[in-house]
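Only one chain comes next, encoded as structure tokens, the form predicted alone.
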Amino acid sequence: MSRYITLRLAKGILTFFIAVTITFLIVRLMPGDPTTALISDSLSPEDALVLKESFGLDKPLYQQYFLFIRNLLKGDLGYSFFYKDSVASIIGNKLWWTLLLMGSSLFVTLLIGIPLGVISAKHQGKLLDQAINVAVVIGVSIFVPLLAFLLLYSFSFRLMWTPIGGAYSPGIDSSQMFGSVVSHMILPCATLVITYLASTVLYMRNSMLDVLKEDYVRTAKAKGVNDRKVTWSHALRNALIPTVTVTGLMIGKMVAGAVLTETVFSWPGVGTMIYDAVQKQDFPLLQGAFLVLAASVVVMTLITDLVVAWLDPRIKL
């Protein structure tokens, strides 16, 4: 097991290093001057050049890259051009809102998706299975911003059941904070759950159908073991393996979906921050946000690999 974990850690570090390099290059290939937000018309060309030199933007690209790697190893993500604050501090204030939204969405997705997939497999070909399959097709096909706008229009503007946007109502005291956050999180969480629930149900259904055909399942049934126990105790663990693997990949998709969802609902997370950073050409903030999200995906992928190895010991070999 220790060798397996070591290999997965090495793979994760290599993946993160590649993500760091790609992020560095993409940000610098974007059109526009990264110091636009800092340079005003009142600055002379000489002062503007001094400002660029202070951020190391006058150096060749390869020197900027090594300087970036050196600062990254020290935990220095740079200085935001627009917010006039350290990138690490800004992301620290935004990240936990994104983690709250993504964690809640992932939990609800698995809580609903796994049982639905099992039920669909147990009723293969019947009306319930067909209805679930239709819902899955709709869920896979739907566009995240479109769904977000539909939910926002229906439940916030028309019915006025939920808040319009943000993470909490301004001016409330600490005793009301929890309820306010939950009410504001309903629609963005529902958007992500509806979007990614379909994949979970589909993979769980197909995996359960394969497992139910295995010899050990037929043997357990032949011995008179209760059908419910065979399904939920014997077959479920093996059927979870592909679903857990897909969940690790789904987290990466949720990162992209969170950017769109947070922007629509004005959720104060990393996704909204990335959108604002693009608008303001705040390149250091963009770099820091991409790196933190890449690190999150790498960590979650590593955790997924370890969970899959625990579910199926043969994988460690």
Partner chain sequence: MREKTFLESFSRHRLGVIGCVGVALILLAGVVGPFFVPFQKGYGEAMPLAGPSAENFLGTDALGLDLFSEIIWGARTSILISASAVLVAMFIGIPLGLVSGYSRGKIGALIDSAIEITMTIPTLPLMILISALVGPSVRTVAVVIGVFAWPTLARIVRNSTLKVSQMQYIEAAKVLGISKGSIMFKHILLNIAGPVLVDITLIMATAVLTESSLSYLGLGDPNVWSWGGILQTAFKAGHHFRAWWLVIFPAASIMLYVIFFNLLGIGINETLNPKSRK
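The structure presented is a predicted model; accordingly, all values stated were derived computationally and were not measured. Between two forms, the rigid core is the largest collection of C-alphas that superpose within 1.5 Å. Positions refer to the first chain, counted from 1.
There is also a form predicted in complex with the partner chain; it is not shown, and the following applies to it.
- For Pro145, a non-hydrogen atom is located within 4.5 Å of the partner chain in the predicted complex, even though that partner is not displayed.
- Contact check for Ser89: no non-hydrogen atom falls within 4.5 Å of the partner chain in the predicted complex.
- Among residues of the shown chain, Phe149 is one whose heavy atoms approach the partner chain to within 4.5 Å in the predicted complex.
- Using a 4.5 angstroms threshold between heavy atoms, Gln64 stays clear of the partner chain in the predicted complex.
- Using a 4.5 angstroms heavy atom cutoff to the partner chain in the predicted complex, all of Asp129, Val140 and Gln279 count as contacting.
- Heavy atoms closer than or equal to 4.5 Å to the partner chain in the predicted complex belong, across 262 to 293, to the residues Thr263, Val264, Ile274, Tyr275, Val278, Gln279, Gln281, Phe283, Leu286, Gln287, Phe290, Leu293, ordered by sequence position.
- With the core superposed, Lys126 shows a C-alpha displacement of at least 2 Å between the shown form and the other one.
- Relative to the superposed rigid core, the position of the CA of Phe68 differs between the shown form and the other one by 2 Å or more.
- Core-superposed comparison between the shown form and the other one: the Cα of Ser296 travels less than 2 Å.
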